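Next comes just one chain, in structure tokens: the form predicted on its own.
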Amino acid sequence: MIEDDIYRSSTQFRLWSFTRDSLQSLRANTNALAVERIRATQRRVREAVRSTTPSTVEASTPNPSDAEGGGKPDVIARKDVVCLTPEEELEFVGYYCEQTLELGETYKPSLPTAVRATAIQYLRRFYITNSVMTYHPKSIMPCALFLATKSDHYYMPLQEFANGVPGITNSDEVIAPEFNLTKGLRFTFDVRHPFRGLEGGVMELQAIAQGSGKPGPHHPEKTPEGLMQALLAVTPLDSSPDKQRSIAIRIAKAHSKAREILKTAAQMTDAYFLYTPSQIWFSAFLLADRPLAEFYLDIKIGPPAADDGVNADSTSPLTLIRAKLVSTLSNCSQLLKSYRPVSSDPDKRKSLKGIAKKVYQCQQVEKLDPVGLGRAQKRGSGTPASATGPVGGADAISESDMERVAKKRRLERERKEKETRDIFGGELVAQRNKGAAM
């Protein structure tokens, strides 16, 4: 089994690889379903308000101070809530992906790059089939990061993790949406990153620079000395007299730039959904140092076909593969190059504020849904929780109800563990009282 076959058997390729059109269609469908649910919920809110205070709603005078809605039923019933577009949802998710990187930096020591990258991919995967109008990223993001620490084997106690999340007072808030998150991930937690591929490519170039490189499988006639001379002859980025030292520094700089691209642009764009990890790391390396990347491609596949047909046969399989590969790498490089962080784009920051207001309005509708309220009350609860259940969904449960259930389970589990540790079983008095009560 070759490496490509191994990747094609992974869940990342089978479940989370798309074409641009199919990915766009999935997001549009998710957005349409969320908008439809919100519209239906708002109609129920209006009917409930009209049935209780019809004269008040019809004769009410619009108040400019209620422009934000404020969660009042009559305000929500007065006009349609402006829902997000698929593009706005993607932009909102992108902002919280950046926040994931920043949150990981606040821990001492900082969370590993791979852990933060895994969390970001969890977020992006989750919101392909779930809407930010239904599940707010503010509650999903810390849960995704904590889940990534577990799936990437970076142990951190829940309480210690929760202490580093701003606004979190109870560690249970971190794991509250964990089931919804894992369900949205289709219970697949494996994420194949491009970081290791980059490290391997850089190590090969360093070996070639030291005269100990090995030729590629398609060019066994090349010698380590010939490869080193060819590397030293690569178009220089500066005029340094010491080529041997200059090429080592050049490889190190290209490595650093490419890794930074993989930590940021590769995470914030759709690269993981559209390209393989090897294509992603090599595209980043192309952006970091194109002549060096093209040299690496030459020793692996061979030089490109020249117009005069002297350097390479334009009909050979390797030449055709190279042409197709270069086209794919070019498209991936353009995608990575298109990324602009929110901090460097004032217009995007302004746009995000408007999107956040829309998300708030959409979630205010859910809190007043009479159907959701009725179902929650039948379960002994007051109001449905916007952060833990779908808009107007049948499974809406209040946070207080969830806390009571979690506490009951925890106490029962602790009691059973205590009895298990005691070789003589539980206390006889407690058991006698329990039997008498029954």
Partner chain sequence: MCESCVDRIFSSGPAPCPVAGCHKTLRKNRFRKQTFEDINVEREVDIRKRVMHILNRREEEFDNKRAYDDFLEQREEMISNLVYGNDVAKTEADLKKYAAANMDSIKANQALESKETASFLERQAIEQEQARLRRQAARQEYDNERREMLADRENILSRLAAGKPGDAAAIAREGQKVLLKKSSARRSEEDRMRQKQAALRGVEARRAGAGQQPTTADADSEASSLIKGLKKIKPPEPEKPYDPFGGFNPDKRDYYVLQDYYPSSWLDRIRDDVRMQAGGYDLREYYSRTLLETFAGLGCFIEDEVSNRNNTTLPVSKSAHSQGIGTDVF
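Note that the rigid core is defined as the largest set of C-alphas that superpose within 1.5 Å between two forms. Keep in mind that this is a model prediction, so the values were computed, not measured. Positions refer to the first chain, counted from 1.
Unshown form predicted in complex with its partner chain; subsequent notes refer to it.
The candidate site formed by 4, 20 and 296 is fully in contact with its partner chain in the predicted complex, as each residue has a non-hydrogen atom within 4.5 angstroms of it. Of the candidate stretches 358 to 366, 169 to 177, 322 to 330, 117 to 125, only 322 to 330 has residues whose heavy atoms lie within 4.5 Å of its partner chain in the predicted complex. The closest non-hydrogen atom of residue 213 lies within 4.5 Å of its partner chain in the predicted complex. Contact annotation: residue 268 falls outside 4.5 Å of its partner chain in the predicted complex, judged by heavy atom distances. Mapping the unseen interface onto this chain, residue 201 counts among the residues with a heavy atom inside 4.5 Å of its partner chain in the predicted complex. With a 4.5 Å cutoff on heavy atoms, residue 279 counts as touching its partner chain in the predicted complex. When its partner chain is considered in the predicted complex, only one residue from 129, 206, 113, 85 comes within 4.5 Å through any heavy atom, namely 206.
Taking 197, 94, 184, 104 one by one, only a single residue has any non-hydrogen atom within 4.5 Å of its partner chain in the predicted complex, and it is 197. For the partner-free chain shown, 273, 274, 275, 276, 278 of 260 to 278 come within 4.5 angstroms of its partner chain in the predicted complex, judged by any non-hydrogen atom. Core-aligned CA deviation for residue 203 between the shown form and the other one: less than 2 Å. The Cα shift for residue 321 between the shown form and the other one, taken after rigid core superposition, is 2 angstroms or larger.
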